[in-house]
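Before any questions on binding or motion, here is one chain by itself as structure tokens, the form predicted on its own.
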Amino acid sequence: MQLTFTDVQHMNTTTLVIGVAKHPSEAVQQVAAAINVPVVDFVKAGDVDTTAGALTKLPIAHDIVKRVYAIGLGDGKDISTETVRNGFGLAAKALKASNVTIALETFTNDVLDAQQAAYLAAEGLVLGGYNVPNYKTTSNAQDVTLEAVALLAEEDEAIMESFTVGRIYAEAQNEARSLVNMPPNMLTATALADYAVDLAAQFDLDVEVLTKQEITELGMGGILAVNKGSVEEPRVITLKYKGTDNWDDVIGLVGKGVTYDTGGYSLKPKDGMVGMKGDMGGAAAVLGAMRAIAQLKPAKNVVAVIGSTDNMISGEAIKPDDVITMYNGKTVEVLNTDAEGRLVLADAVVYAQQQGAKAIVDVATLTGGVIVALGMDKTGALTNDDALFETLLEASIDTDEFVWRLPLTENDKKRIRKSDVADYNNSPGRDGHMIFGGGFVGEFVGDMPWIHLDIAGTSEAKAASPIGQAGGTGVMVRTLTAFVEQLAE
């Protein structure tokens, strides 16, 4: 997406986007006067919806500008980041133009400056313009790609940089969305690994992919157990971003890459199985974050590890009551084959530690329990390190991705460790299910600073939002990226 700067006299676009509050600002009135649009009169007449985040198409007659979209800014005194981002998301859906001019100053106030407005505009336009890939042989869709954006402002390198960062964040999230939306017969573990290899080549990351033979030789019993029922081979994918000269002080990002989950012999009901192509949402989030991190180049070392397989049924598949040996040598009594993600993650976090991670954030569509506890719009979290979690929480607030911490107590840990035949069991019960799922992974992290993010509710949207379509959301891509940037500071 090309970015330029312009002024009112030299606008060369058919489409203009402005921000309009209940009491239109001086900046709005100046732009409106320049293109002969009586915005104040429209507001007074109720023809412009100034509700925060609302979008109104204004009727105009101008030689160059043919369409003006007004994004509502409420009372204008406290313009939130979410309001502006969502407004531009709605604008992106409505534009149907290859180029657009944004009156940047109309989105600023005492709290939100031009740099922040540019960043949010880029995020909103890219996220809102996303279309879910489909495989129809015929289509009447007339998608128009937004290729050029002009900012109605004085040329400023800092503003241009902010817009670029917003675009990078949003494009990375869209990539994660597309991965989650892919059919499971196309996005196998092997295909996910191939995607990671291509990503590494494009953005100069180190990459390693372990095959089934290598995973077997290493003894990653959790991943192998989940994979036993499948004809598709598993993969363990490692990406490294080197932000400093020495490979130390490394943050590990670990993603669950279960490309389809039947539940195994603890079979899901048919309605619960539809949509399980998205059970690799954690892997998608980690890959999206690595894409953004590689472009933004923070001074922080990052290792990403993804354990990937599907969870299928065959004569060789794991069964309830099986006992398996994990990568770190610990044994697990399998009480529920549909509690497979934690087995994959447990091996992956140990491998991340061996690759140099000194702190770990794991991301997974892990439990239905998090949806029962928090609904579909909140990511659940567990942690053993208050300071690390506080940094991630700040990042989530900056990106408007809601994260809520749940407790992990000694009683919870005792239930995870309760088994007559093994060191752990993988499913202590339905009560506190989210805590048991994440807490199981924590047992394999040990005392290392660690955060678990359960995105089972937030990884997929049932309906369209201002910044996205129904389907994969790419949630946590922007939060993980902002988190790493904050650690670098």
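Start at 1 and count along the sequence shown; that's the residue number. Just so it is clear, the structure is predicted and the values come from calculations on it, not from any experiment.
There is another form of the same protein, the form predicted together with a small molecule; it is not shown, and what comes next is about it.
My question is simply whether K44 lines the interface with the small molecule in the predicted bound form - judged by any non-hydrogen atom within 4.5 Å. Heavy-atom contact with the small molecule at 4.5 Å: absent for K44.
Is S427 a contact residue for the small molecule in the predicted bound form, using a 4.5 Å heavy atom cut-off? Yes, S427 sits close enough to the small molecule in the predicted bound form that at least one of its heavy atoms falls within 4.5 Å.
Just checking whether T365 would be counted as a contact of the small molecule in the predicted bound form - the rule being heavy atoms within 4.5 angstroms. It does: once the small molecule is placed as it appears in the predicted bound form, T365 has a heavy atom within 4.5 Å of it.
Applying a 4.5 Å heavy atom distance criterion, does I451 contact the small molecule in the predicted bound form? Because no heavy atom of I451 falls inside 4.5 Å of the small molecule in the predicted bound form, the answer is no.
Single option in R235, R85, R177, K256 placed near the small molecule in the predicted bound form, where near means a heavy atom within 4.5 Å: Filtering the options by heavy-atom distance leaves K256.
Heavy atom within 4.5 Å of the small molecule in the predicted bound form: which of D279, D347, E123, D310? Exactly one residue meets the criterion: D279.
Choose one stretch from 331-339, 108-116, 188-196, 355-363: the one whose residues place a heavy atom within 4.5 angstroms of the small molecule in the predicted bound form. It is the stretch 331-339.
Candidate site H23, K77 and A103: all three near the small molecule in the predicted bound form by heavy atom within 4.5 Å: No, because H23, K77 and A103 lack any heavy atom that approaches the small molecule to within 4.5 Å in the predicted bound form.
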